[in-house]
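Let's start with one chain on its own, the form predicted on its own, as structure tokens.
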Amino acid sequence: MKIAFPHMGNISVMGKTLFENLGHEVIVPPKNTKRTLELGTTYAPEFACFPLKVTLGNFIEAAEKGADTIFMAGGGGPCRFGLYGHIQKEILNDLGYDIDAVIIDPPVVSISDMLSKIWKVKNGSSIKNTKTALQKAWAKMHVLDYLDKKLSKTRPYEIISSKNKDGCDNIKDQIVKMVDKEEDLNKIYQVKEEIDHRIDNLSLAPRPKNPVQVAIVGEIYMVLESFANFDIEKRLGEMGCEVKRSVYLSEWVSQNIHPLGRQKYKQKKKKIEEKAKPYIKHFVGGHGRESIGEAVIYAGEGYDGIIHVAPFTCMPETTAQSVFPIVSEDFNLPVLSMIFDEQTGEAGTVTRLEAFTDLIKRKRKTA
């Protein structure tokens, strides 16, 4: 099996480790580029949401490199995400690629189907080997999320100069490569010490007692994939804002797949739903309700503003978007909804972020 999976944040590092340790040949698609998007938009249905188009581009580029199987998560609706893998397989087959698809739906859809797909991916590996593969993948996910969290707190204070070559961007690139290559489980976790060391040695301006803080909420792919959202997390940092995402990959996996993590997440999920209840009483698919509940929580924690990101035509996040003006007024909290598709321009995105950060900084001065 020559297996491929789409890019979404740092998921390629985790996926490559998991599948290689299970004995598969892994075809990692090239990094997202303009060509990736052009391929996706050319062959995807026009009405399909943006993540389907970008990830279809990933799969076409992987098929060009010889992939014969695509791996996707599924879903039980009402979000269209659960259909991505099925549609993408049909498109790839129509394009002449002999592609199979492994689409793993959550247990609430069908436990037996989920187990049969996991068994297929397991590829006859022993329990010991499977456990090791999962542990390594988990460790890499955890360490790279740790890196992203540290950088989001560091970037606003980075002093850019010709002497300060080992900046946040270089640290990010080097650590990702380091984690990607490392196969020793203990050494993977030790990379956290290297992250701390490198960041501690950066030239930084003093962190204020009350830093400007912005939270990013919304649809998971748009929150995590920097190509799709024009790297808004990094740009906000460069504009002087500490940034927190509503979701990190390791947390999502823990909360939705890991048995102990799912139990632990129940309390947090209950709190999010309670906070969202005055505005959205029921599950609306995807992360729509979570976007509202988390924004209310961030308001209580003193965040200065919320960036809400979503793909164009995303039903759950469109529902959330319609409610955000009320949340913004109730909590005197600036909210910027940013809707992305293949027509979205980088310059317009940056201009909107600059205007938003100017607004929240002025709001502080007049408070």
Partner chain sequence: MNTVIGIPRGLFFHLFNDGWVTFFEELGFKVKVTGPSNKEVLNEGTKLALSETCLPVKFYYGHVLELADKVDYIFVPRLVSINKKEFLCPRFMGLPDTVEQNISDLPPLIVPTINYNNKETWKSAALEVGNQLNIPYIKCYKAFLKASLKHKQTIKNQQAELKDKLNKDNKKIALIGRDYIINDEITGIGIQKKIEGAGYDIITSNMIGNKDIDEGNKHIDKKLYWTLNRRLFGSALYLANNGFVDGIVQVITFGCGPDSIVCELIERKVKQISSIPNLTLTLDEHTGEAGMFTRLEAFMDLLERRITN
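Residue numbers count along the first chain shown, from 1. All values reported here derive from a predicted model rather than from experimental measurement.
Omitted here: the form predicted in complex with its partner chain. The next part is about that form.
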property	result
Its partner chain contact at Phe81 in the predicted complex, heavy atom, 4.5 Å	yes
Distance check, Phe331 to its partner chain in the predicted complex, heavy atom within 4.5 Å	no
Its partner chain contact at Lys128 in the predicted complex, heavy atom, 4.5 Å	no
Non-hydrogen atom contact Thr33 with its partner chain in the predicted complex at 4.5 angstroms	no
Which of 200 to 208, 90 to 98, 222 to 230, 130 to 138 sits within 4.5 Å of its partner chain in the predicted complex, heavy atom basis	90 to 98
Residue among Val296, Ile188, Ile280, Ile175 with a heavy atom within 4.5 Å of its partner chain in the predicted complex	Ile280
Interface residue in the predicted complex among Val212, Val121, Val109, Val253, criterion: non-hydrogen atom within 4.5 angstroms of its partner chain	Val109
Non-hydrogen atom within 4.5 angstroms of its partner chain in the predicted complex for each of Tyr43, Gly77 and Asp105	yes
Residues in 328 to 367 with any heavy atom within 4.5 Å of its partner chain in the predicted complex	Ile339
